[in-house]
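We begin with a single chain expressed as structure tokens, specifically the form predicted on its own.
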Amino acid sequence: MTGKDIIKITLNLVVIYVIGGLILAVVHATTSPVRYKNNVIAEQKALKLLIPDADKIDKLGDWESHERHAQYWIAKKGNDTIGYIVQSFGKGYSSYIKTLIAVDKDFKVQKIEILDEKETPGLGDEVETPSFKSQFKGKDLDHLKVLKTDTTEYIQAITGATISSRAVTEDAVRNGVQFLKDTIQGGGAAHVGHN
């Protein structure tokens, strides 16, 4: 192979990479608004599942949980506020567990949903099971505590996954509800960066 052949091959590869990059840029620019719109629709559906009685769910603002961007919303039926939803993160065994928490206007948990987790399969990922998530209904801040024993007053830990159980309960959910309560009842601006 001569030097001329090497230069020819190199130029061909550069042209192919440039054309490929331009095609990817055009596809991204074309599909980005569609993906954004679809994400907004999916988000609204997820929020509606948390507080199905709401006629309208509006974003109230942004906050940070474990230095991760999170949001919070108000749910209304007619002109009445019926609850709030907050996005929060809990530091688990293998990952940060991204959680949505719906509360009534008295800040009692109505429902939680795990949006993303990468906990140990068969152990920590059990935080996504209905039996674990259903324990949160009706719990206030004082009862968002994990116990390793049978309990209905608090949250029962998943066997072998206490860290993941605490990450959801005592980190994501409790901190999210505390943030909402502080912010909605006033004087919460200092907690916007709450970790």
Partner chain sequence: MSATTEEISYWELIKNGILKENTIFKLALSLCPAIAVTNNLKNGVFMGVAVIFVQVMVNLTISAMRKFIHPRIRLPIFMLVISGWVTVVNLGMDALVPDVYRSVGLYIQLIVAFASILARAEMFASKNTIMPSMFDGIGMGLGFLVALVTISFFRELIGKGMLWGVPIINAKPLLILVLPAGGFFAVGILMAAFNWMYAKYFTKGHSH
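Residue numbers count along the first chain shown, from 1. Keep in mind the model is a prediction, meaning the values are calculated, not measured. We call the rigid core whatever largest set of C-alpha positions still superposes within 1.5 Å between the two forms.
There is another form of the same protein, the form predicted in complex with the partner chain; it is not shown, and what comes next is about it.
J.: Heavy atoms, 4.5 Å, the partner chain in the model of the complex: which of 139-147, 35-43, 66-74, 50-58 makes the cut? Say which one.
T.: Answer to the contact question: 35-43.
J.: Within 4.5 Å of the partner chain in the model of the complex - does that hold for a heavy atom of every one of Ile16, Ile114 and Leu123?
T.: Per the other structure, all of Ile16, Ile114 and Leu123 touch the partner chain.
J.: Is there any non-hydrogen atom of Leu24 lying within 4.5 Å of the partner chain in the model of the complex?
T.: Close contact exists here: in the model of the complex, Leu24 approaches the partner chain to within 4.5 Å, heavy atoms only.
J.: Closest heavy atom of Glu128 to the partner chain in the model of the complex, within 4.5 Å or not?
T.: Yes.
J.: Can you check whether Asn12 is within 4.5 Å of the partner chain in the model of the complex, heavy atom basis?
T.: The answer is yes: Asn12 has a heavy atom within 4.5 Å of the partner chain.
J.: Wondering, does Ser134 line up within 4.5 Å of the partner chain in the model of the complex on heavy atoms?
T.: Taking the distances in the model of the complex, the answer for Ser134 is no, it never comes within 4.5 Å of the partner chain.
J.: Align on the rigid core first; then say whether the Cα of Pro130 has moved by at least 2 Å between the shown form and the other one.
T.: No, the C-alpha moves less than 2 Å.
J.: Comparing between the shown form and the other one on the rigid core: C-alpha of Thr159 shifted by 2 Å or more?
T.: It does not reach a 2 Å shift.
J.: Which is it in the model of the complex for the CA atoms of Ala42 and Leu115, closer or farther than here, knowing they shift by 3 Å or more?
T.: Residues converge in the model of the complex, at least 3 Å closer.
J.: Which is it in the model of the complex for the CA atoms of Ile97 and Ala42, closer or farther than here, knowing they shift by 3 Å or more?
T.: Relative to this form, closer in the model of the complex.
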